[in-house]
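Just one chain is shown here, as structure tokens, and it is the form predicted alone.
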């Protein structure tokens, strides 16, 4: 399992190739890449802040839950912090499992957590100044799908 934060741009294709290499018993790899949007010119940069060490540890706990819940072979999460330009990748999540459904669902589960609950502070910079961004009602609704009863 790998959970990392980076200030540097990354190539999702290269990450996928690296993650997939040598998996002779894995039947499925699912990935998600989130890309910063320009919001029709309203956003010129996205800024993400995190507490180094703490943020990775909290994401790691959720990745461990995903591994157990979905029977994953492996998980990789790379998340940008700092200033991100529109069109640049913000997050890469990869899940490996014996079967596709588990890989897809785990990837979706992890992204719902990252979008709604992960300890990041997000600010959009635009022509009119900066504004803090909070998870939307839809983000919270997406997360409730995974509540265990």
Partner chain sequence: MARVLLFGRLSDVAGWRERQVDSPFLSALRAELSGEDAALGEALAGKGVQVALDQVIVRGDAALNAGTEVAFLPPMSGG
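Residue numbers count along the first chain shown, from 1. Owing to the predicted nature of the structure, the values given are computational and were not obtained by experimental measurement.
Omitted here: the form predicted together with the partner chain. The next part is about that form.
Among residues of the shown chain, residue 33 is not one whose heavy atoms approach the partner chain to within 4.5 Å in the model of the complex. Taking the partner from the other structure, the partner chain in the model of the complex has no heavy atom within 4.5 Å of any heavy atom of residue 11. At a distance threshold of 4.5 angstroms between non-hydrogen atoms, residue 67 is out of contact with the partner chain in the model of the complex. Among heavy atoms of residue 134, some come within 4.5 Å of the partner chain in the model of the complex. Contact with the partner chain in the model of the complex, defined as any heavy atom within 4.5 Å, is confined among 35-43, 109-117, 93-101, 22-30 to 109-117. Candidate site formed by 83, 85 and 126: none of these residues places a non-hydrogen atom within 4.5 angstroms of the partner chain in the model of the complex.
Residues 48, 49, 50, 51, 52, 53, 54, 79 of 48-87 are found to place at least one heavy atom within 4.5 Å of the partner chain in the model of the complex.
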